[in-house]
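Form predicted on its own, single chain, as structure tokens, below.
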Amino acid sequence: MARPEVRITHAEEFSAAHRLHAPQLSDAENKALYGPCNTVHGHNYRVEVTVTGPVDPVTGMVMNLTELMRIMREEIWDHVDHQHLNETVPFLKGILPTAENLAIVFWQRVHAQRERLGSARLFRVRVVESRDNFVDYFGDLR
């Protein structure tokens, strides 16, 4: 009989500044598009990483959530907390730090550690930028 598949999630929070300004657009176009987000401002972000997999009959877990926490802290939090995302985070150099782009980059960083996930598979990365705004990325579903 197949083992039940379960999704588990770990969340981390960080504070960071960023500016939404696309270099391909004029200053006027950026101001019109991004409004107040075209100036340097900050957010208290929440990043949720969800993995999915069968429940191990011995441990009763999909994976050890402490290991998922370590991965998230090493690959994301240690680099972005209290940073200026446009200027001081090497893996974001040249990337417009919208919540959408952050979710994609964070997925890539966690996915690069997939051997540490054991039999679990990365399912979703959610970036919560404010109480009312968040994005979900499920990898490349094409």
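Remember, it's a predicted structure, so these values are computed and weren't measured experimentally. A residue's number is simply how far along the shown sequence it sits, counting from 1.
Below, we turn to the form predicted together with another copy of the chain, even though it does not appear here.
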query = Is I104 close enough to another copy of the chain in the predicted bound form to count, meaning some heavy atom within 4.5 Å?
reply = yes
inquiry  = Does any part of V40 reach within 4.5 Å of another copy of the chain in the predicted bound form? Heavy atoms only, please.
reply    = yes
message = With a cut-off of 4.5 Å between heavy atoms, is P90 one of the residues that contacts another copy of the chain in the predicted bound form?
response = no
task = Consider S119 of the chain shown here, and say whether it contacts another copy of the chain in the predicted bound form, taking contact as heavy atoms within 4.5 Å.
result = no
request  = Just give me the residues of 22 to 37, first to last, that have a heavy atom within 4.5 Å of another copy of the chain in the predicted bound form.
outcome  = A22, Q24, L25, L33, Y34, P36, C37
